[in-house]
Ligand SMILES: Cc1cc2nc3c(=O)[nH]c(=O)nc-3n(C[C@H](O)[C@H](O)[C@H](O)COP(=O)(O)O)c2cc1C
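Next up: a single chain in structure tokens, the form predicted alone.
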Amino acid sequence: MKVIAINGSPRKKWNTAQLLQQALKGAESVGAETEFINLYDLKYRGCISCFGCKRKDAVPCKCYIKDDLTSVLEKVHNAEALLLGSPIYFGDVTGQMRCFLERLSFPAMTYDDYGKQLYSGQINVAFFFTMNVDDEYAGMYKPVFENNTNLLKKFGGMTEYYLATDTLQFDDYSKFQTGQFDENAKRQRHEEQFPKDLQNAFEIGKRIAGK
């Protein structure tokens, strides 16, 4: 089984990336071949409404824009499982992740029948979201988590999401304008909860690769 992890965070070694890496380790534990991709390393844009994917002679699910995302989309189509990760910025996923989702999901639908599945295979999907707010506040964003995850149901596999909240944002809070946050509380939360989040990510990767 091939499992692709897509990091939609600009930070390559922080919370979102660590969750994805642990999920990949879980997938590897059951024999999966894995690959990790940072979206912020790539030069690309979102859907440009060229409608190349909607032409009657179009290859199903193919995005016809040529840029750094082209080969990534091909890798996703050839995988059996997809792990996505993004922090929540201004109420939604990052801009780079949104552009990725547009390019992946729009070609997988048809204006002839919204309910028709064009993708002939099956890709299991797990979406990891990270937020620096507490669980109660994060609960208001449940429709955001569900809407982004549901975009991937077009690929015929199981879909799920995991939310890590009240995350640690900095090594040294004193260097930034962070008066709204209690650094000691943040560090205690990180020490107590984040290892559990990482273990849960491992189990998700293991499960999604084992389906």
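The structure presented is a predicted model; accordingly, all values stated were derived computationally and were not measured. Quick note: we count residues from 1 along the sequence shown, nothing fancier.
The form predicted together with this ligand exists for this protein as well; it is not shown, and the discussion that follows is about that form.
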Practice task
State yes or no: in the model of the complex, is some non-hydrogen atom of Leu101 no more than 4.5 angstroms from a non-hydrogen atom of this ligand?
Solution key: no
Practice task
Look up in the model of the complex whether Gln96 has a non-hydrogen atom within 4.5 angstroms of this ligand, and give yes or no.
Solution key: no
Practice task
Although this ligand is absent from this view, report whether Asn124 comes within 4.5 Å of it in the model of the complex, heavy atoms only.
Solution key: no
Problem - Contact flag, Tyr141 vs this ligand in the model of the complex, heavy atom cut 4.5 Å - result: yes
Practice task
Name the single residue among Thr149, Gln169, Thr178, Thr70 that comes within 4.5 Å of this ligand in the model of the complex, judging by heavy atoms.
Solution key: Gln169
Completion exercise
The stretch from 129-137, 115-123, 71-79, 101-109 that lies within 4.5 Å of this ligand in the model of the complex, judged by heavy atoms, is 129-137
Practice task
Sequence order please: the residues of 58-95 with a heavy atom within 4.5 Å of this ligand in the model of the complex.
Solution key: Pro87, Ile88, Tyr89, Phe90, Gly91
